[in-house]
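Below you'll find only one chain, the form predicted on its own, shown as structure tokens.
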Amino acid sequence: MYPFIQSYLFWLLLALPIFAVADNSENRGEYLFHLANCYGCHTDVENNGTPLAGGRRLETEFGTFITPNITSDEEAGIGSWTDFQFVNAVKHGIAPSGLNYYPAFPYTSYRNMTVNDILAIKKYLMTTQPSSLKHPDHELKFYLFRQFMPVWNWINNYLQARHPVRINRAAYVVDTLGHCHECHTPRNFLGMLDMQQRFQGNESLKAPDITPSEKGLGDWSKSELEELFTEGILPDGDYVSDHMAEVVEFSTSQWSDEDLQAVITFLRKVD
């Protein structure tokens, strides 16, 4: 696509009516950054890695994905990226080079994020400490070529079009920014989310059912859900562990009370 057409479409998107999380303060970008849980994936937490410098190894059935550096460094990070390049990466999974990202980066959820929110996150990331750390490529199964990703995206978009986006703030926090589906919804053999079983758990990730059913959150009280999201405490007094512990530490514990209450109400009745 010609650059002038890209620019026109980009600014046209900015002009469209948008849905945004209720935080209009000067720290809005940082707040959205935490809602999207960028820190946990882009920091090698287990090895006390440099914040947002990438290098975290994500083990999956398709191989090992190694997360990239998203600090403000102009060579190793995203410091030289234009607004269009950043939006294109977050919403469509396309790198500045034109190559497709793999959906281990949850652009399939982030695609519903508003352009203004994406740019607010970028503005915050530009204030972070730069790091020159670079990382090797992913270690994936031999048949996973980036050239196949446009076909994968087309099929995935076709399947997901059967499930309309839910337009309310709680759904925006859960489905889009928080990308809870990425762990709590099972996938098919192609690695695509099976939205007919939304939030019914993912055994391969040991992620539980979080529907309002008896198998999920049906017996949880409002206060128990508050303790889960703010402190990581389970109804039996134990604490969440592994990835969910990081989600609580770096994301849900930093939600505003308004978002917390909205999400709890949403999860207790989501279909």
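All figures in this text were calculated on a predicted structure; none of them were measured in a lab. So that there is no doubt, residue numbering starts at 1 and follows the sequence shown.
Heads up, the form predicted together with heme C isn't pictured, but that's what we're talking about next.
Not displayed here, heme C is approached by Pro68 to within 4.5 Å at the level of heavy atoms in the predicted complex. Heme C in the predicted complex is not approached by Arg28, whose heavy atoms all lie more than 4.5 angstroms from it. Among residues of the shown chain, Glu46 is not one whose heavy atoms approach heme C to within 4.5 Å in the predicted complex. Heme C is not drawn, but in the predicted complex it has a heavy atom within 4.5 Å of His179.
Judged by heavy atoms within 4.5 Å of heme C in the predicted complex, the contact stretch among the candidates 189-197, 98-106, 128-136, 156-164 is 98-106. Contact with heme C in the predicted complex, defined as a heavy atom within 4.5 Å, is made by all three of Trp81, Val90 and Ala207. The contact with heme C in the predicted complex, taken as any heavy atom within 4.5 Å, belongs to Asp238 out of Glu231, Glu214, Asp238, Glu59.
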